[in-house]
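Below you will find one chain, with nothing else, as structure tokens; this is the form predicted alone, and questions on how it binds or moves follow later.
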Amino acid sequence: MSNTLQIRNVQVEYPVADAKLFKAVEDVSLDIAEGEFVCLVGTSGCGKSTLLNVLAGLLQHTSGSITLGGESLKGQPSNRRAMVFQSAALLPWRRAIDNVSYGLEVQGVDRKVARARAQEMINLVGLSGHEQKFPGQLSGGMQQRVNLARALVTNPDLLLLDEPFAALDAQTRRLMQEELVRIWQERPHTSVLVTHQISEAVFLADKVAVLTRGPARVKEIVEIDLPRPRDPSVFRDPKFRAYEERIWDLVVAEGVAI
């Protein structure tokens, strides 16, 4: 079954003071092909994370439809979707490998099988040798690797990432971007990432959806025609810089700095 994600005329409203409704997302339609990597960018507070939370099943959309491989996603979170948040939020009393295997254990997967799959993901994200360390013994970047491995271990049909590297220093963030590209190229998942950093979006994505100032609507979809596999040399490509400037112009035209 194809894991194409189809978003059709999605609107999100929620109550605020005095029983009024606040419209966060308005009439968003977007197609994301199986195995495609899409980034959402836009001004602060425009509704990027709201839309991502709807895709994750953490929020309900008011109207419209969302399907993944033809199956409606309206409802509670499911094993078909995995979310990587900005904060790793690892369980401090569990070692790295046990944090990664936790989701499988909750699903009832045999502990030995869960740990074997967790070890595979630990290896994939480049943490071999650190399996037995507690979160407090890991750097911020290493904690996010564990966070990513924890999401990937369930082999989700849809991977959602909400500014996963925003809390990292610039050097570590760049390294993690490169790692995410490597991991995704090894095991492509249909992926949606929210970011404020336009260079990050261009480096990671097959296409970038620029959202309007709230309520969020799709202002323009920019197809990123840069060869894969990508490596850091692409940052110096004039074509890369042209994409970056184009997306920047679209965002700042909304009138609020990102």
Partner chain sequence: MTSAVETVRPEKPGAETGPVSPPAKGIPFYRRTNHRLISVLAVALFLILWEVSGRVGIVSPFFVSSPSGVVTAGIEYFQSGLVWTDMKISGLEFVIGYVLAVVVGIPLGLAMGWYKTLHAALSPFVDFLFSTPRVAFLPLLIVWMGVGIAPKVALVFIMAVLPLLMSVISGVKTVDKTLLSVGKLFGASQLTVFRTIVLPGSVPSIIAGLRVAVGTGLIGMVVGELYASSEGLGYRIVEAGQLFQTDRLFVAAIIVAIAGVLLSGALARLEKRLSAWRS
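Please read all numbers here as calculations on a predicted model, not as lab measurements. Residue numbers count along the first chain shown, from 1.
This protein has a second form, the form predicted together with the partner chain, left out of what is shown; the following refers to that one.
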Is L161 close to the partner chain in the predicted complex, meaning a heavy atom pair under 4.5 Å apart or at it? no
Quick check on M83: any heavy atom within 4.5 Å of the partner chain in the predicted complex? yes
Does R115 reach the partner chain in the predicted complex, with heavy atoms at most 4.5 Å apart? no
Examine E131 and determine whether its closest non-hydrogen atom to the partner chain in the predicted complex is within 4.5 angstroms. no
If the cut-off is 4.5 angstroms on heavy atoms, which of these, I224, A56, L30, I66, is the one near the partner chain in the predicted complex? A56
Would you say all of A89, Q107 and L175 touch the partner chain in the predicted complex, counting a heavy atom within 4.5 Å as a touch? yes
If you look in the predicted complex, which residues in 211-237 sit within 4.5 Å of the partner chain (heavy atoms)? none
